[in-house]
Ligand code: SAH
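Single chain ahead, written as structure tokens, the form predicted on its own.
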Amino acid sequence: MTTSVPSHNETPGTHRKGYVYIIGAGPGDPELLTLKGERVLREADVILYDDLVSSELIERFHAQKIYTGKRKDSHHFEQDEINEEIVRHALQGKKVARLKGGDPFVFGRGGEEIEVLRNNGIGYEIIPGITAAHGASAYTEIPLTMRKISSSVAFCTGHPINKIQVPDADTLVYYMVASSVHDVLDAVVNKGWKDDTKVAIVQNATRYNQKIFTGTLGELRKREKALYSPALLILGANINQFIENNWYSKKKKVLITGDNEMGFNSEKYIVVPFPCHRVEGADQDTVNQCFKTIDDYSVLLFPSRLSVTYFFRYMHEFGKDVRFLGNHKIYTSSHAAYTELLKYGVIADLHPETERSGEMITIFREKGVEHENILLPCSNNGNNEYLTLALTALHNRVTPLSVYYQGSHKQGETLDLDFIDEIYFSSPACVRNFKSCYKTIPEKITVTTANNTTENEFRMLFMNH
């Protein structure tokens, strides 16, 4: 016989408390999240996230999400309210992820939150993140330390103005300077720094819309330039000549509508996602009925990442695992769907290395995809009509199954199209949803489409004026 021992958070007869992870999300680029942070966020019951956490990052996870954004003079939640919210969910026995921009212990108020957790007897863990200074340094090619030039660096804050510190260091980095940059520059001059000191202001560090202002201390004090949060100020002799043409600025910024990112490799492109729809679950009864007759189909064809995600979610709820599909050939028609399948331990039997419908159908013909009974898990919006018609022309029987519904796009973060070089539309629905948010597309932006129907939709909505 075994007996359970109460954890350090429990006393006999009480409800078990949850556990809190305080996680640094990094400075903006969602790929800078640590592996440990991502694992915990996937396991979390609830995520409380700050203003500087990108929507692209937060949309990866299925937990309950609570926005707790705080910016100067515009607080959605006060810090005390955030603390109460963390404790409330933890006391309900949940696994809570408190997700912060940058690092929790570098101007992130993580220390205040763990004090509250300690006072309430709630277990916690800190998962560090890449702080904004490190992100800005790497994405602008400004080394914070450099042999024979800078052997010390100090991280400071631009608030409050009457307490701005100017430490004795070779390189100074000031956080949160969007509204106080001139006050900081004045404080540095008053401490004896010379007017010819090199200065850089990095706005939206590591994001697609990163912007850099450079000059000398004297020049920037005279410049009337509006800054927008988040902004970081760097001062020191290590600011070099590579800033304006750094590795990050050389990459082409491509806005991807939908899930397909094939062909846009990370060496040449920065992919900016635009989720072109609001996703909701499908009719469970209809999907379950299809599962009962799954052996009627010889092929499952997944056209998108979400078609895989929702199909497998419902399949698991139906009480089946991947062995349920053992007698079926599995095909994909997008790189995103192929990659998503791998997460479930499935390698597609056929995966055309193209996103163009015409080329894809040629490959299906060459591979002998004919006279098959094909189940097509998809959305409700009819985006796969061209694929269905083309497969039918090859004497296949195609049965669409709506495993998720697409509503109109809910605009979150407003995109700055001035920083975008190319827009890729993956479906007609994405064109329509983009049009509902942005009436025009700047002429400098190149537009590419996944197929002829998407191209026609784009021309009709954006070029027929």
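Small disclaimer: the values here were computed from a predicted structure and weren't measured. Heads up: residue numbers just count along the shown sequence, starting at 1.
Heads up, the form predicted in complex with this ligand isn't pictured, but that's what we're talking about next.
K.L.:
With this ligand left out of view, which of L387, I82, L232, V199 would have a heavy atom within 4.5 Å of it in the predicted bound form?
P.N.:
Of the listed residues, the single hit is L232.
K.L.:
Within 4.5 Å, heavy atoms only, which of S180, N204, T257, T140 is in contact with this ligand in the predicted bound form?
P.N.:
The residue from S180, N204, T257, T140 that makes the contact is N204.
K.L.:
Can you tell me whether V271 touches this ligand? I mean in the predicted bound form, with a 4.5 angstroms heavy atom cut-off.
P.N.:
No, V271 is distant from the partner.
K.L.:
Quick one: is Y124 in contact with this ligand in the predicted bound form, heavy atoms, 4.5 Å cut-off?
P.N.:
Heavy-atom contact with this ligand at 4.5 Å: absent for Y124.
K.L.:
L52 versus this ligand, in the predicted bound form: is there a non-hydrogen atom within 4.5 Å?
P.N.:
Yes, contact at 4.5 Å.
K.L.:
Should A154 be counted as a contact of this ligand in the predicted bound form, where contact means heavy atoms within 4.5 Å?
P.N.:
The answer is no: A154 has no heavy atom within 4.5 Å of this ligand.
K.L.:
Of these, 180-188, 249-257, 291-299, 204-212, which stretch puts a heavy atom within 4.5 angstroms of this ligand in the predicted bound form?
P.N.:
Of the options, only 204-212 has residues within 4.5 Å of the partner.
K.L.:
Within 4.5 Å of this ligand in the predicted bound form, counting any non-hydrogen atom, which residues from 100-129 show up?
P.N.:
Residues within 4.5 Å: G101, G102, D103, V106, F107, G108.
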